[in-house]
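Consider the single chain below, provided in structure tokens and representing the form predicted alone.
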Amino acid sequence: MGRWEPNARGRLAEAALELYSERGFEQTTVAEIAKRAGLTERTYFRHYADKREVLFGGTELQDLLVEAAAGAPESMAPVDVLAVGLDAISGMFEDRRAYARRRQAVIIANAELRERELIKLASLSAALAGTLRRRGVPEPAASLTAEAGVAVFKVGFERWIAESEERGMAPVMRELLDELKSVARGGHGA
């Protein structure tokens, strides 16, 4: 190894994505990822539990969503709290669309990674529902709002990474949340 360089976590994530895109997830080893990043396997495991987790970034997304929802004005309706949270997490994706497209292509190509993504989304929903309950939203409204929010995020993310989409993530999320509100009021959407 050469001289220490900063951002080991980011370098590992980029190296993993490059290798997964080139060779496939199953054909890539942690040793190869670490080598590509100019690091050791030991350093890899200080940052990530396994070779799947490198694509899912820990709890940063969940923490940001929960923090934004918890900090929303108390007078806000649950669906509006959801909008605050979606706006907050949209900000973390700005300038990362190309990376997000490449990452999603790797995930779609592997059943194990698709399963991991569903687990992460379920955790996101549970965390948001817990935050809504702490804000005084009763069940089942807290869980329904959280599940709907994750559905908006999932569909919005897929739309945002589409080659034809040029808008930022926040406007895409807001449009879909408005669509959901319209459907809930008995409309048929746009």
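No experiment lies behind these values; they were computed from the predicted model shown. Throughout, we count residues from 1 along the sequence that is shown.
Missing here is the form predicted together with another copy of the chain; even so, the following discussion is about that form.
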> Would Ala170 sit within 4.5 Å of another copy of the chain in the model of the complex, counting heavy atoms only?
Replying inline: no
>> Whether Thr28 contacts another copy of the chain in the model of the complex should be assessed with a 4.5 Å heavy atom distance threshold; does it?
In response: no
>> Check Glu94 for me: does it contact another copy of the chain in the model of the complex (non-hydrogen atoms, 4.5 angstroms)?
In response: no
> So, in the model of the complex, is Pro6 in contact with another copy of the chain at a 4.5 angstroms heavy atom limit?
Replying inline: no
>> For a quick test of understanding: in the model of the complex, does each of Glu22, Leu64 and Leu113 have a heavy atom within 4.5 Å of another copy of the chain?
In response: no
> If contact means any heavy atom within 4.5 Å, which of 138-146, 30-38, 43-51, 56-64 contacts another copy of the chain in the model of the complex?
Replying inline: 138-146
> Pick from Val106, Ala100, Met76, Val84: which has a non-hydrogen atom within 4.5 Å of another copy of the chain in the model of the complex?
Replying inline: Met76
> Who in 149-188 is close to another copy of the chain in the model of the complex, meaning a heavy atom within 4.5 Å?
Replying inline: Ala151, Val152, Lys154, Val155, Arg159, Leu176, Glu179, Leu180, Lys181, Val183, Ala184, Gly186, Gly187, His188
